[in-house]
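Given next are two forms of a protein chain, the same chain in both, each as structure tokens and marked structure 1 or structure 2.
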Structure 1
């Protein structure tokens, strides 16, 4: 899938700061919990970096991704406010983290992570929800068609519909049409859904043609008929 990775050198050629640079900038010392802000397309850490901090996302959206040596990319997680990330089983991060929007992140203290039961419960809850999301995503990547993948992706963006609780064909009027913001380019969506950019584009066009969705703006999609889209996810 040899393409030039935009994420790594976005914004006019400058390579995004490494976590080493963040550390140098003195954003915080080890045992504090001071929030930091980063603009869109900031790389918070790279796969293989020494895993020395654990983050909690306060605002914004972050994606975690992995690269193969030949440049193929897979986005493995999309994280929203409340998510804990950067915890690693080994010495180094197993994937890279990049902000999809401007973000506010806190650093969690490694020591209290080990000792505070309430913080541990919080972390466990986060990890469990990530695990379940990844299980769902494995089904998507391993078994779903392009149309099903894109439909699933759109439904996940609808608040309170992450679990796709489709209430039925006759629902409160107006509730059937919802607008969602992607926060992602077509390339990022493709790398998340295990497709090519062209296939994503084609599927979105087809959904538009069928009147299922409207493209208000490039990254703003209005789902005209939630229930119809919901039924195309392969889960109903």
Structure 2
């Protein structure tokens, strides 16, 4: 298992890891943390590399993906700050990790994790959240239509909306909109949702035509009516 994260943002009900957890455990156990910055589209590790390190994402966005022998790609997950990844049950990583934005990550030797009860408790909490993510993504890939998949993807970019305990619209004027930054190309979105790039573009155009979204920039979409898009996720 290479990642432990619930969603794209601090909302959505996921258990948010504590960004200072590695640092505290490192001090307590005299471990060596290696913080580093990487530019956009840097590969942090490849599938099949020796899984010698565990990573904590301090800043930025990271994409985890797997490649099939014929070159097709499946994006496993998109991680935001606070996520722990690079965990593996075996000796090698089961997927690749690439930065979608400039990132800051802290790395820790795997042996340090295996001998640190504090870090093990931290990872266990994260794994509970990971199970929910795996279940949600299995439903998305196995049962949802193209419109439901794209709507679900957009809703995961809106903090505190769409999940259990959704706060609903808060604007006094009745406006229920929000601009979201994608950090992903249409092809990367397609690889995450299990669709073709043509289908993703068609669905986005249809949502725009229905007045559900506006395209502010290539990498930014304004959701005009969050509740209406939420209702199109297939979860209500």
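Remember, it's a predicted structure, so these values are computed and weren't measured experimentally. Each form is matched to the other, and the largest set of C-alpha atoms that superpose within 1.5 Å is called the rigid core. Residue numbers count along the first chain shown, from 1.
Chemist: Do you reckon the form predicted together with a further copy of the same chain is 1 or 2?
Modeler: Only structure 1 matches the form predicted together with a further copy of the same chain.
Chemist: For residue 155, does the CA position differ by 2 Å or more between structures 1 and 2 when the superposition is done on the rigid core?
Modeler: Stays below the 2 Å threshold, so no.
Chemist: Would you tell me if residue 108 moves between structures 1 and 2 by 2 Å or more at its C-alpha, with the rigid core held superposed?
Modeler: Yes.
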